[in-house]
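There is one chain below, alone, in structure tokens, taken in the form predicted on its own.
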């Protein structure tokens, strides 16, 4: 039985699931509070797709262990992530929110799928190579090498058909598609147990960090969704700009300026004016940054307010997670029944 999740205002929200909707499984590793890159690269898209698809939102706490086995902060990080998701507009009544570790079928399906792929195939995964390079890793854990298989299990456990991703995640979806095909071929059933999911790339897949590099909490170049207007302004003052525009009056080149990229996203109504002022030199970088900071603060203000409200009623977040895990577990059990029957192990 599904327990209704409380809305932000404490009212019950009941949404019937339309089984004809295509299924989406989306998730993130719990690393704590979320930043603007998460908003533009994932959350906005997730919220927009809620009415069109049946969504499942996974807090991928097992995935977090692939690069750092320390679990001392994982619960708090998971709660922080759930708070930001809910504050951004994820409706848990429509879209179950749950922790991967609380649905044990993820690990069982991961084990089964790991029998259907070679280590050579996993070693060719370009995203893994990028991670090893970026994290300067000398040794790769067995779980890290095989984490695309766990990701495939996450998606296929809910028979996901669409996966919203950034471009860098497309190789992972291809591995999921390969594993779905291999399982269906090895263990044929009518109907086939698994669909082959399609990746759905978001428009703003990547928003650069304040230093122009990829936005990352570990680098310290982020603006968090929970930052105050004062914190946002302070951080925006450090943002890199056109290196040829040293002082007000110098003509600028907005298309190579990080701050202008932020204006494109958070201040589209004034983009033409900002471009003209930058190119003519009439608009200085400090004023440009302050205007951008104001627009970003206005964008995240409703989320920050909703997050603050939820933080004062953290028991609701725990209830939402428990309910999401119960609902996800019911779907996962049905999928594993299909898996066991196809394998003649049921």
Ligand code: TRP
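Positions refer to the first chain, counted from 1. All values reported here derive from a predicted model rather than from experimental measurement.
The same protein also exists as the form predicted together with this ligand; that form is not shown, yet it is the one meant from here on.
Under a 4.5 angstroms non-hydrogen atom cutoff, this ligand in the predicted bound form has residue 163 among its neighbouring residues. Using a 4.5 angstroms limit between non-hydrogen atoms, residue 154 touches this ligand in the predicted bound form. This ligand is not shown here, but in the predicted bound form it comes within 4.5 Å of a heavy atom of residue 25. Residue contact with this ligand in the predicted bound form: residue 35 places no heavy atom within 4.5 Å of it.
Proximity to this ligand in the predicted bound form, taken as heavy atoms within 4.5 Å, picks out 155-163 from the listed stretches 266-274, 241-249, 189-197, 155-163. Listed residues 307, 289, 57, 29 were compared with this ligand in the predicted bound form; 29 is the one with a heavy atom within 4.5 Å.
Among the residues 147, 262, 224, 98, the one placing a heavy atom within 4.5 Å of this ligand in the predicted bound form is 147.
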